[in-house]
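In structure tokens, the next block holds one chain alone, the form predicted on its own.
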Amino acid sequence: MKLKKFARKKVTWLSDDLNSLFLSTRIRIARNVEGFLFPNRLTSPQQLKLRGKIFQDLKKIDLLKKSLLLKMEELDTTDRRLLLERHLASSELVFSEKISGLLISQNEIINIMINEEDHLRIQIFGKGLELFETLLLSQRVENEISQKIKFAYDDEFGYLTACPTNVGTGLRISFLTHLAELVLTNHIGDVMESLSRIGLVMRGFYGEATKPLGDFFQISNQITLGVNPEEIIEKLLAVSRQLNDACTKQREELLKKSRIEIEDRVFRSFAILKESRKISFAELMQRISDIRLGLRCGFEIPVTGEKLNEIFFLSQPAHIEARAGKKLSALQRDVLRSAFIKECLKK
């Protein structure tokens, strides 16, 4: 386990504002190096050569000089899962057999996947709904990389990518949001359908091809061809306002019609975190969701947003195993997770 230090490290890009539905922003830019086939069509020696070239070029960039460079084949299963849990790598990179790599900046705000679906997947994180601020940083990073690496580009189609849906800007902009009110009132299906009609998509907590956990969702653009970043952001901001209004309305309805039931649900969840002897990660995420909802309802619960973020992020399965320094059964993880939560709540 090479990445054990990450298992105790809080993330810097999660908002601790419990009055907000929105936890984080992510900008992802897909780019490919001119003169090379896409990763899936490269031989292993070619993938190795390309990774070496990209590593060398990235190390020359001032913004990235103190970053950590990882060769994925040198990481064990726990390390790989830990990267996935920290949103630093996709499942395609983590479980790939390609010669691939990863760059992680000191604060984990900037990370770059190498030889995933594309040669480079540049990811930038921001707190809450810092959409424009995160975009500006991503443009700066992408511009500095482009001074060292020539990207594959077509005058008609724009940036060329392995998947046709990313052609054009190669840009995905998303935010992570907590929508417990809409899940509880069975409105989440309508929201997903409405988003798809305007070119947006709703995914699970870990992004593409993952299921929701604890009523947390990622919402991002689907279309990359013929749209500029500002248009995408304006659409996402408009949706965020609609989500905020919808959640406020449903929260008021829940308190009006079912206040006792909501109070009972919320305070039971907090009691379980304090008193349980074992708890699965899926259950923990649901309890965290209940508590966040309760705090938005104005219930007095002695916990901060920073503490809730620490609990749920550092309680993920690979984080538990990495701190233990060995492989664990599901029951062993659940017991250690419960002990960790109690310790956090005492601080």
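Residue positions are given as counts along the sequence shown, with the first one as 1. As the structure is a computational prediction, the values presented were derived from the model and not from experiment.
We do not show the form predicted together with a further copy of the same chain, though everything after this point is about it.
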Partner absent here, but in the predicted bound form, which of 104 to 112, 152 to 160, 242 to 250, 272 to 280 has residues with a heavy atom within 4.5 Å of a further copy of the same chain? 272 to 280
Which residue, F95, F205, F132, F267, has a heavy atom that falls within 4.5 Å of a further copy of the same chain in the predicted bound form? F267
Let me know the one among E234, E144, E263, D76 whose heavy atoms come within 4.5 Å of a further copy of the same chain in the predicted bound form, would you? E263
Taking any heavy atom pair closer than or equal to 4.5 Å as contact, tell me whether R287 reaches a further copy of the same chain in the predicted bound form. yes
If we define contact as a non-hydrogen atom of the residue within 4.5 angstroms of the partner, is A339 a contact of a further copy of the same chain in the predicted bound form? no
V335, heavy atom within 4.5 angstroms of a further copy of the same chain in the predicted bound form: yes
Answer with yes or no whether L331 is in contact with a further copy of the same chain in the predicted bound form, where contact means some heavy atom within 4.5 Å. yes
Is any part of 159 to 177 within 4.5 angstroms of a further copy of the same chain in the predicted bound form by a non-hydrogen atom, and which residues would that be? none
